[in-house]
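Consider the single chain below, provided in structure tokens and representing the form predicted on its own.
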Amino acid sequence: MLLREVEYARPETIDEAVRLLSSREDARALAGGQSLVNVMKIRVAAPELVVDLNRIEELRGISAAADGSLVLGAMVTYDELIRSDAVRAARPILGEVALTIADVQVRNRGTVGGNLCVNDPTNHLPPLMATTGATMTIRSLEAERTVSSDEFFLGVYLTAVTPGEMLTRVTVPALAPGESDGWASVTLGKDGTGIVNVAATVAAGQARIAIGCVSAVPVVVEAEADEVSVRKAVADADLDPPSDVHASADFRRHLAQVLAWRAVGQALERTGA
């Protein structure tokens, strides 16, 4: 289906982009285009103005902050996460999980900021940000603010980024001594959409677990890092998964327990526990 007529802008600075996004009630930012272009094609979205962020160098690049945290520009691609030495040194789980997203074409175009701002419940990165303690920096015409992952994801396709604002960077703490991450997922095919995704971070015998595909936002639970405690914490959590042709709600709840322990177990293996 052909796209409807839309105004198109390609700014070269964050300031210009924010000004453009604030100039129309229904302006939308275009990052990798993996989601927005598709929903525009089927007329689910029809923005008045599309603001293409691909020329803004300020939104690119991966760097290390003074405290060792990773600073990811919102336009960093999945492929850049995979290839980054800085990511491998500070938080290798980011590149490992990015390597499981879709296919090479998508990984070359899809971006960190796009994945997070779309906040599809099946997306890979929201659970990772929830367990790693990432923070998101959001820019408007008036100010810049930083929100935690717990505050960023608000609902299906809904985040703390409001009209006229844009996500500019994501800061992910480096692994602390004795801390490690794990990931487990069941997908539709090798690189398909997740039926359930689980990220886990383990430190000092405690696990922080984030479950995707079972609610509008990642469901975060904490437990002692043993199988009985992990399964009980997930079973007691407020999971509200859908039932569809791929899996029933009850099966997704069961998978959440199984995958939570797999993710925690992987993290424990990496700590040598």
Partner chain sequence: MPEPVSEQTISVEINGETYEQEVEARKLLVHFIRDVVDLTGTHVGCDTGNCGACTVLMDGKTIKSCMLLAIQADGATITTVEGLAAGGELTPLQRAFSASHALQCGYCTPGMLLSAAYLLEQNPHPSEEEIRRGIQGNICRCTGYVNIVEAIKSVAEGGGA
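Numbering follows the first chain given and starts at 1. Just so it is clear, the model here is predicted, and its values are computed rather than measured.
The form predicted in complex with its partner chain exists for this protein as well; it is not shown, and the discussion that follows is about that form.
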Though its partner chain is not shown, can you say which of Gly68, Gly61, Gly33, Pro242 has a heavy atom within 4.5 Å of it in the predicted complex? Gly33
Of the options Glu144, Glu179, Asp120, Asp191, which one has a non-hydrogen atom that comes within 4.5 Å of its partner chain in the predicted complex? Asp191
Among 226-234, 213-221, 44-52, 244-252, the stretch whose residues bring a heavy atom within 4.5 Å of its partner chain in the predicted complex is 44-52
Candidate spot Asp85, Arg139 and Met166, all three touching its partner chain in the predicted complex (heavy atom, 4.5 Å): no
Touches its partner chain in the predicted complex: Arg107 (any heavy atom, 4.5 Å): yes
Should Asn38 be counted as a contact of its partner chain in the predicted complex, where contact means heavy atoms within 4.5 Å? yes
With heavy atoms only and a cut-off of 4.5 Å, decide whether Leu99 touches its partner chain in the predicted complex. yes
Is Val258 close enough to touch its partner chain in the predicted complex, meaning at least one heavy atom pair within 4.5 Å? no
